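Below you'll find only one chain, the form predicted alone, shown as structure tokens.
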Amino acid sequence: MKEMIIKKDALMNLLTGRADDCQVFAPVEVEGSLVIKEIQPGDEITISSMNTKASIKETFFPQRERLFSYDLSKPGEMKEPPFSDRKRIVFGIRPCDAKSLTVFDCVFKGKDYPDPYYIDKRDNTIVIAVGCNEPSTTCFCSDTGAGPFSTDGADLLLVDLDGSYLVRVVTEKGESFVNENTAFTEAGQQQAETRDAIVDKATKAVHAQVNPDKVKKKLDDGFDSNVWDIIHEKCIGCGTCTYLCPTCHCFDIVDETTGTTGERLRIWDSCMYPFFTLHASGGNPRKTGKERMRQRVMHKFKYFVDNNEMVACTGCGRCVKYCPVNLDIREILKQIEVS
């Protein structure tokens, strides 16, 4: 894999300089929280050892997205939002978030139901991930097939070498980006050795906690297991885990109208909400927290594996870190594994 070097200040200048001809999304501190947003004049890109509070999800799958607008006084007339060829750069996301895009690709770029809204954003975006030199205690990315320096879903992967980044070129899009900018130079042997030491240390810091293969075997025959009577009891159904999760993709479709005009919107939803599966008849196949928790776990660690041969979890640890009742998905999976 081709490796290059770029000074940190040179990369920051390159990114801010590109904001005129393309959209640049990067971590920025807003009201004390690190978030991914489109950078504006005056914004300071912040790369710290801490991951962003919210994931990269909204950049590709907005929380509220207009699908089309209409006017009932003009039957048959429908206006879709224009698809832009404007290029986008997503910089500074962690490998767990880059990995989540491979999950979204399975959902929104599948051959049966391709989603043009997602595909437009994905195909026009260069994803530049930054490896985790200091993984958090809530991280379990290595257990889910990723890792602190995974290249899955990224076009370029950066390794922090203090004053510079070692750049691993992953895709053709990434190679084109590097070739277009003279600030990149070839990496040397000493820099490669430093990279190896950093990667080795960080990888060892992510201790094995979950075995998705063993969990999957339990889930294959565990739909009626007694374990579901226990593990849901702590959950209050707030949906924090869903909204912060980089791979959750449940949505609802609603129409907002004023007079004869309206627009159809796609908005985030959560399988942890009691009305998520409520039928017009009043029936609800997941009327209790038990059924909803079972659905969430089964979808991520069984159904998605059955359909796509990967778990729908990247081990980012956000659901562990920000759950208001300290419900730990790792502990849930351990209970299932030994049930």
Partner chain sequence: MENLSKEIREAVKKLFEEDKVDLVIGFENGSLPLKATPCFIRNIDDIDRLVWNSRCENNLAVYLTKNKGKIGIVAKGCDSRAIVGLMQENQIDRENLVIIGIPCGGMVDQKKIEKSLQEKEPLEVKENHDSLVIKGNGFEETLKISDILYDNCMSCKHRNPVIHDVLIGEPVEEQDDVDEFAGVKAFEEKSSDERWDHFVKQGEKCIRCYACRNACPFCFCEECSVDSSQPQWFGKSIALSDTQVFHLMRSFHIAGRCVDCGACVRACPMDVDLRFFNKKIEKDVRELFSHEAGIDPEAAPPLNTYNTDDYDDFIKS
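Note that this is a predicted model, so its numbers are computed, not measured. Residue numbers count along the first chain shown, from 1.
What comes next is about the form predicted together with the partner chain, which is not displayed.
- This chain lacks the partner; the member of Ser136, Thr151, Ser164, Ser142 within 4.5 angstroms of the partner chain in the model of the complex by a non-hydrogen atom is Ser136.
- Among Glu77, Glu233, Glu172, Glu186, the residue placing a heavy atom within 4.5 Å of the partner chain in the model of the complex is Glu233.
- The closest heavy atom approach of Asn13 to the partner chain in the model of the complex falls outside 4.5 Å.
- Among residues of the shown chain, Lys287 is not one whose heavy atoms approach the partner chain to within 4.5 Å in the model of the complex.
- By the criterion of a heavy atom within 4.5 Å, Tyr243 is counted among the residues contacting the partner chain in the model of the complex.
- Looking at Gly17, you'd find every heavy atom of it more than 4.5 angstroms from the partner chain in the model of the complex.
- With the partner chain left out of view, the stretch that reaches within 4.5 Å of it through heavy atoms in the model of the complex is, among 124-132, 80-88, 251-259, 213-221, 251-259.
- Within 4.5 angstroms of the partner chain in the model of the complex, the stretch 253-290 places a non-hydrogen atom from each of Val254, Glu256, Leu265, Ile267, Tyr273, Phe275, taken in sequence order.
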